[in-house]
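Consider the single chain below, provided in structure tokens and representing the form predicted alone.
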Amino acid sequence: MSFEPILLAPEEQVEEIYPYRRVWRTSWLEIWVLLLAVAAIWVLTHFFGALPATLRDPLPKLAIALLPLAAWLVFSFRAERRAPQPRPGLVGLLILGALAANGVAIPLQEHLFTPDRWLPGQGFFGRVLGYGLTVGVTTEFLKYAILRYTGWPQRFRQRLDGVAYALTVSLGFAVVYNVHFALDPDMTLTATALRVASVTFSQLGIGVVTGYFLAELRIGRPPIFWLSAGLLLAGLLHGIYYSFRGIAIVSGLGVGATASSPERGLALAFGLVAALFAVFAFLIESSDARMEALTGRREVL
């Protein structure tokens, strides 16, 4: 029998190092940086008069248009490089997303679909289907094609990989759209800032849908129509967002009301990205937990 004193302090446990970048954390940091920057521009313009309300200088507008890219480099890309197991090919996907937006998505939207010419007069559901089945499906199919034919399936080791890669491609789309808005001589700095944030939030939020469905196709056992349903859902989310945005920015109930409130459009885009991040974070966590439980059960058996 041993008479050595018993130590009452619990044994110290070594915390396991998470090998990947925490996608949700860095993406939220980017969103908050952009939101705070836009809020600062709006307050300095409307409350303090430090910035002229009619400022149309292209350099400040280009700076705010490129702010989402700068935030991604500071938070997501730097964290990815510091991770024990970084995700490869992110810069290439960002560039491909920008090229697809500039070379395919925008020309189709401006010269073939032209939704702003024939959809405003349609009813709400007509606008949802019109925007969703043209601009929405085209945008998300291009994102899918980039992800499918560059890194799928070998780079999809877990479901969050699909989210990380889809967010990167979506950022490439958003940056190109933002630069196009910034180069419009009729856009003021405040209007550009509000539009940049709205476009970035909507692209990131809906891009998560395509990334999740593609990752689940690689890791899980979805039905045969899984990917088609995912692309259709993502496209219709574009249509729903555009339709509600048209309602949100118009103030006044009269038929002849012309005043607008782009701030409400920004609030709608922020609500969209927050809701989609929350929903798919829950779905991914639940799917991973079920898979881990099944794997552990099989090992026991």
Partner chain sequence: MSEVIWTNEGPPLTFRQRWNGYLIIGALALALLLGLTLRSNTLNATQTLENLEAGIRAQIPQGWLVDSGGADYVFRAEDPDALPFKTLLQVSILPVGPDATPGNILYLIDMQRPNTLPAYRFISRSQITLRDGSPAIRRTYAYTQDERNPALESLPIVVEGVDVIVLRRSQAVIVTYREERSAFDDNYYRFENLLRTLEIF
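Not measured: the values here are computed from a predicted model. Residue numbers count along the first chain shown, from 1.
Another form, the form predicted in complex with the partner chain, is not on view; read the next lines as being about it.
Spell it out for me: taking the partner chain in the predicted complex, does every residue among 129, 133 and 217 have a heavy atom no farther than 4.5 Å from it?
Spot residues vs the partner chain: full contact, yes.
In the predicted complex, residue 223 touching the partner chain (heavy atom, 4.5 Å):
Yes, residue 223 lies within 4.5 Å of the partner chain in the predicted complex.
Is residue 144 close enough to touch the partner chain in the predicted complex, meaning at least one heavy atom pair within 4.5 Å?
Yes.
Answer for residue 180 alone: is it within 4.5 Å of the partner chain in the predicted complex, judged on heavy atom distances?
Outside the cut-off, so no.
Given that the partner chain is not shown alongside this chain, does residue 77 nevertheless sit within 4.5 Å of it in the predicted complex, heavy atom to heavy atom?
Residue 77: no, not in contact with the partner chain in the predicted complex.
Tell me which stretch of 170 to 178, 109 to 117, 183 to 191, 93 to 101 has a heavy atom within 4.5 angstroms of the partner chain in the predicted complex.
Stretch 109 to 117 is the one.
Heavy atom contacts to the partner chain in the predicted complex at 4.5 Å, residues of 135 to 161 in sequence order
If the 4.5 Å heavy-atom criterion is applied to the partner chain in the predicted complex, 135 to 161 yields 137, 138, 141, 144, 148, 152, 153, 154, 155, 157.
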